[in-house]
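To begin, one chain is listed below as C-alpha cells, in the form predicted alone.
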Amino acid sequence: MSEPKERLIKKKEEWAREKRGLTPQAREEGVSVRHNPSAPSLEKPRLPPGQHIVKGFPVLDLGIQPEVPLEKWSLDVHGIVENPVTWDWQDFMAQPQVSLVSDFHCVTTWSTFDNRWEGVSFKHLLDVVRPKPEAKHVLFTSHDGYSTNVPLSVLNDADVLIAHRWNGQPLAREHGGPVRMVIPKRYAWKSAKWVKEMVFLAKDRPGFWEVRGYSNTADPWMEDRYS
C-alpha cells in the first residue's frame, strides 16, 4: 500500500471514530434509536440530514485511480445465481441501456442533485443472472482493490444502475470510469467505482470501509454514517 493511500485511510478511520458529520440530534439519539423499526415513517426530505449541496462533482478515492482500457474491461457476475456471466465492453453495451436522473450523497456531507446517469439497470442484470432464492447480498470488488457490500433487496430497485455515462459524457476515470455502480438511496461509498466483479452471497460480507468503522447499511436519511 502506498503512503498517500495509508494516510487517507487513517484519516477516514479517524472520521469514523469521531463520528464526523453527524448532526447534534443524531449524536444525542444514537444509532439504536434512529433505527427503531417501530418508529413512525415520515416523508423523506430531498436533502438528507447533515448534508449540504455542492456544485460540480468532488473526487474521493483510495489514492488510486486505475486506468482500465475498454478493450481490457470486463464485468464478472457470479455466486449464487442460475446464469453467471462475464461481459466484455461489447457485451455490456449490447444490453438495454437506460438513462436515469438521481441525487448523490457522500458520507463526507456533500450532495449533488439531478445527476443524469446512463448505463444498464441492475434489474436487467438480475433478469439475466437469475439469483437463486438463497442469495441475499452482493459483494462488489473494484480495480483499485476496493470492495463494498449491499443487500440484494436494496439493489432490486428501479433507480440502481451500472453506469458508464454521467451528464451526457463518458464516465471519467476519476469518477470511476469506465463503469461504476449508482445506488442513490445509500451513501456513495456503496456505489463502487471501477467495478469489475459482483458476487451474489447467502450471507453478508462487509467490504473495505464497512470493516473500518463505517455503517453496513448506509441510509443517508437515517444519518447512518458509521458503525
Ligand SMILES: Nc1nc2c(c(=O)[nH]1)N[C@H]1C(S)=C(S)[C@@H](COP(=O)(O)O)O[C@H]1N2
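Predicted model, so just to flag it, every value in this text is computed and none were measured. One-based numbering along the sequence shown.
Not pictured, yet referred to below: the form predicted in complex with the named molecule.
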Only one of 123 to 131, 139 to 147, 88 to 96, 72 to 80 has residues with a heavy atom within 4.5 Å of the named molecule in the model of the complex, and that stretch is 139 to 147
Checked L62, I183, V199, V68 for heavy atoms within 4.5 Å of the named molecule in the model of the complex; positive is L62
Item to check | Exercise: P58 in contact with the named molecule in the model of the complex, heavy atom 4.5 Å | outcome: yes
Just to confirm, A192 within 4.5 Å of the named molecule in the model of the complex by heavy atoms? yes
Practice task
Evaluate E174 for contact with the named molecule in the model of the complex, applying a 4.5 angstroms cut-off between non-hydrogen atoms, and reply yes or no.
Solution key: yes
- Message: My question is simply whether C106 lines the interface with the named molecule in the model of the complex - judged by any non-hydrogen atom within 4.5 Å.
- Response: yes
